[in-house]
Structure formats: structure tokens, C-alpha cells
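Have a look below at one chain only, the form predicted on its own, in C-alpha cells format.
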């Protein structure tokens, strides 16, 4: 039987333990008021692929999920072995909670992520995989927005020839090219499509050459996934950009673009990291591809800016109705990732 004196000793001891545990929780919670993020870029912020990730990160920073103070920095363009070196340096420094590799790099992540269990590692786009745990995989599809722009192009082309200049024939490139042509064919079933790949994620010079070649073959609208509008300007043709609103590069030709929005993807990663740090819940990165639809905020169509008056009112109404049908779910855009070819 416990004596009264010993009983009070246990109460005091228990209070001390409770106080210490409570203090530890407060200190732990203070640590999770901040999150530091490193972003490894493949092409630089001049590339729409990288630019949209940085723009989304800035919006998430302002939104402050979980009340977190978010700081981030991004690298100059790096590729190959330099990516592995950068990831290792960021992780080894202990200064970064989340490392986003904005390219195909999951094989590199899987070589080091287990050595840094408190860090969330993120691979972005096609060519990646994930084994879960503190390894996450972000994916992006903008094919629905591309389909809507295809409908617009189908109505506006006079030659009946549409050109697309792509980067690589990758899953998340093919999907939007095929959707673009599918949208156009709802208007002109017999249109002729021209497709070229520059075999680079960012090579404006080669993109200009291929755009010029397609124009010489009769294309009077170009959907460029490779960020060069010079040939469109020289020929006074309208073009579509890709992944970002690049109208500031060519306000006289850049009609619109399917824009990637990464906000919800970034927030999902932060949610997993925060739950791990704050509540001790093991990180559980997705092992399967995950992407967010246009309806759920994964993509939008860029505004027409100063070129809106180039679109006849009746065609603009058809385009707006197409976008509204996609957003409502009344129109489901088929996903086709086969490699597109020229007619």
C-alpha cells in the first residue's frame, strides 16, 4: 500500500513529467511554424515548366497552410549528375525540410531519401516513380485546357493545317497535343496536323526552326510547347503557348495557353510533412501517379489579353461553353498519351 507521503511525491513527480512533456510539445510546435523548401530547376524560370512551379510556390507561401512561414529558394538550371549533388547538399545541410526536384529524378531520390527521413523529397512529372514514405511524386496534366484551345483553333484556322512544336514525346506532353487536335477535329474533322519534337525541354532556337518549317507547310496556327514565338511574329500568325501565360514575350501573337497550377500539389506535400512533424504521423508519399483536373484547380486557360478582339463573338461563345462544360463535368476530355504524328 502507498503511504500518503509517497503518494504526494508521485503527484509532484507526475506534474514535473507532465510539465516537461508539455514544454517539449510547445518547443516542437514552435519548430513546425516554419518550413524551408529547396526547388531544383531543370531549365530556369524563363521556361514555363519551371516558372509555373515558382509562381505556385509563391501563392502557397502567401496562403500559409497550417499557419506556416514558408521560405523557398530555387537553383539555376541544372541537369544530370549535378542534380544528385544538389539534392545531397540540400539534405546534408539540415536547412531544408522539403526538396522539390522539378524534373525526372526519382532514381536519384531513391538513392538518398532513406538517409534523411525528416526531409520530404519530391519528384515532378513524367519518367518518375515513387516508393512512398518520404518520397512524393507530383504529376501534371493540362490536356483539358489544351482541348478547349483546340476547339478555338479549329474554328479560327483558315488553311485547315494546325502545327504543334513539342519538347519530348513524353506521357505528359503527348496527352495535351492529342487533346488539342481532338478538340480541333470536333470542328474540322479533316484538318491536317503537323507535329515536331525538339528533343529538349528548353531550346528556343530549335523551336523557332521547327515553327518556321510548319508554317512553310501551311500551318496558320501554332501550339508551341517550346517557348518561341519569333516565327509567329514574322508571319503575323496567332500562337498558343504552354504551361504559363507567356503573352508578355509576344503580345501580338500569344493568343492563350493551357496553364499549369501546382498550388494543390505543393499543399499536399506540405500537409504530409506537417502531419509528420507536428503529430508524428509517418510520411506516406504517393506511389501512384496523382494529378489534379481542371475542375479541381489543376489547370486554367490563359486570358486573351489584348488579342481578345481577334476572336469573333460567336466563336468566343463556343469556346467559353467548352470550358464551362469541362469545369462542370459535362464534357470529359479523353486521355490519349500515344505519340502524336504528323499527317
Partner chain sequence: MISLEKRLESNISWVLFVYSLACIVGFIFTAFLLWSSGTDIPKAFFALYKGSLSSKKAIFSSLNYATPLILTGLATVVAFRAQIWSIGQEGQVYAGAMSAYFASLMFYGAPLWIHLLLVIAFGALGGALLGVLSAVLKNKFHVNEVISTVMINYIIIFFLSYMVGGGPWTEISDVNTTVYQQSDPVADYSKLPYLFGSTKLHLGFLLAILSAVACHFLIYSTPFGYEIRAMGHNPVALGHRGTNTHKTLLYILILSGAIAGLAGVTEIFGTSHRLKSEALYGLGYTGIIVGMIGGLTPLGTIIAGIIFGGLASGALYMKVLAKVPAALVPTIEGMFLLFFLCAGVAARYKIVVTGKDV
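Positions refer to the first chain, counted from 1. Predicted model only: the values in this text are computed from it and were never measured.
FYI, the form predicted together with its partner chain isn't displayed, but the following is about it.
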*Heavy atoms, 4.5 Å, its partner chain in the predicted complex: which of 151-159, 230-238, 214-222, 126-134 makes the cut? Say which one.*
126-134
*Indicate whether the candidate residues 139, 168 and 337 are all in contact with its partner chain in the predicted complex, with contact defined as any heavy atom within 4.5 Å.*
yes
*The unique member of 273, 201, 262, 181 whose heavy atoms fall within 4.5 Å of its partner chain in the predicted complex*: 201
*Here the chain is shown alone; which of 71, 186, 88, 267 has a heavy atom within 4.5 Å of its partner chain in the predicted complex?*
88
*asked:* If we define contact as a non-hydrogen atom of the residue within 4.5 angstroms of the partner, is residue 113 a contact of its partner chain in the predicted complex?
replied: no
*Within a 4.5 Å heavy atom cut-off, is residue 249 in contact with its partner chain in the predicted complex?*
no
*asked:* Just checking whether residue 118 would be counted as a contact of its partner chain in the predicted complex - the rule being heavy atoms within 4.5 angstroms.
replied: no
_4.5 Å heavy atom contact, residue 193 and its partner chain in the predicted complex_ = no
*Let me know which residues along 94-119 have a heavy atom within 4.5 Å of its partner chain in the predicted complex, or say none if there are none.*
104, 107, 108, 111
